[in-house]
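Let's start with one chain on its own, the form predicted on its own, as structure tokens.
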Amino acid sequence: MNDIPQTLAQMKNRGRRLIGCFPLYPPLELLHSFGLTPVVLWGMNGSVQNYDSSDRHLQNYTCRVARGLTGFIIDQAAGLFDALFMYNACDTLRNLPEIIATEVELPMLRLHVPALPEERTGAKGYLQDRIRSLVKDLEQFTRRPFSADAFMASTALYRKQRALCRSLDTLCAAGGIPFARAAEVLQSAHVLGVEDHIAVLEHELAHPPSPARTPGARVMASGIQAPPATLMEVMDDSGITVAANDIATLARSYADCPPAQPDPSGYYCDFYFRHYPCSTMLPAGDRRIEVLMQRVRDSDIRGFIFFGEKFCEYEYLEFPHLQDRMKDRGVATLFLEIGAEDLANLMPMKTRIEAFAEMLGH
């Protein structure tokens, strides 16, 4: 994760066909079954020297996710990826394919996920039709036919990987691994092949840090992406135990997995319509608050830290109501807003995390 371009270049040199994907929940199993290695392009700020390339196309008040992603693709994608894949999410990201096409000549595969619940007339049939069209596009791009057996094998690999991710979460909640280390290992899934990430997870679970940490105040962390490593280390050093996380690049990506089936159109209807609730997936939004409150009860959470992406209206619209629900249950909340320009000076946020941990300790 410290040098994503180098990691991708090494994979490319080993003969992998890389397909860069955004936003966070692409049909990884389907892409993998066609012999591609999907890479989820999220949190690319560390691999972008500046925002000059993205700021030619995006206003500088768009979130750092979009700015970092756009800059990375424009500056570096041509030498790394065989193709790009995108489905629709927020207003900024849904317009990126047209912007990127003016700068980068790479094949672009697309999927439109309906922003409607499954029970709405036509929603399920529409998504099934879009998945079938994507299968045809992949057959044309890769010059190989769809294989139900290959799809089931890829599904089994990702099911195993997500189960191992949840096991690492459990270890973190018990104090067996610092949150900063767990998050680094978990987020490496986005830039590694699934087979490589399974090996990393198995090694980490078999060789946890020793000795285990004494569990401290039980906290849930939330946000579109994990905070900078410096802030996670402050949380660990302050005695906070991240007993549950609701971070999109972490738990929202591996929280659950639909039942295996050989038909991709049915599998991805389950995947998208019944996905763990995320503010970027509108059909799941109505379930989100109750799912979070249930996790707070199940994990005996005493504090909730929300790492907000500056200018991300999807997350911000739900936070006031979520904060009220947490208050009713006696859960303390801390809101930290992080923008691209804040990464150079995190000291005020460190102080606020330390003060929050001290308050929970008392």
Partner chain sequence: MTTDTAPGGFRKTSSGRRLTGIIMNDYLQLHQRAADGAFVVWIAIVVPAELFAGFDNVVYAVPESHAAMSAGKGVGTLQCEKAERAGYSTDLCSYARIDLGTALDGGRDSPTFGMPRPHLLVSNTNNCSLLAKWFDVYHRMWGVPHFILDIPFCYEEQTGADFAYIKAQFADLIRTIEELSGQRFDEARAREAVRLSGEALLYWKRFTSLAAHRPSPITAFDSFVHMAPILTSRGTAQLVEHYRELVAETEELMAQGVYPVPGERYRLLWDSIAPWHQLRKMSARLAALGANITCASYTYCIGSLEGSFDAYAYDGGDPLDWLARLQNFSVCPHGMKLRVRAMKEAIERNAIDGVVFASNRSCKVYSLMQMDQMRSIRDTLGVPAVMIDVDHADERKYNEEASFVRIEALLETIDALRGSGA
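Note that the coordinates shown come from a computational prediction; the quantities given were computed from them, not determined experimentally. Numbering follows the first chain given and starts at 1.
FYI, the form predicted together with the partner chain isn't displayed, but the following is about it.
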Which pick from A163, M152, I289, V104 sits with a heavy atom within 4.5 Å of the partner chain in the model of the complex?
-> I289
Here the chain is shown alone; which of A260, L116, A229, L171 has a heavy atom within 4.5 Å of the partner chain in the model of the complex?
-> L116
Counting only heavy atoms and a 4.5 Å cutoff, which of 117-125, 137-145, 200-208, 175-183 contacts the partner chain in the model of the complex?
-> 117-125
Is there any non-hydrogen atom of R159 lying within 4.5 Å of the partner chain in the model of the complex?
-> no
With heavy atoms only and a cut-off of 4.5 Å, decide whether R130 touches the partner chain in the model of the complex.
-> yes
So in the model of the complex, does any heavy atom of G239 sit within 4.5 Å of the partner chain?
-> no
With a 4.5 Å heavy atom cut-off, would you call G330 a contact of the partner chain in the model of the complex?
-> no
Using heavy atoms and a 4.5 Å cut-off, decide whether T62, N95 and L317 all contact the partner chain in the model of the complex.
-> yes
For the heavy atom contacts within 4.5 Å of the partner chain in the model of the complex, list the residues of 321-358 involved, in sequence order.
-> H321, E337
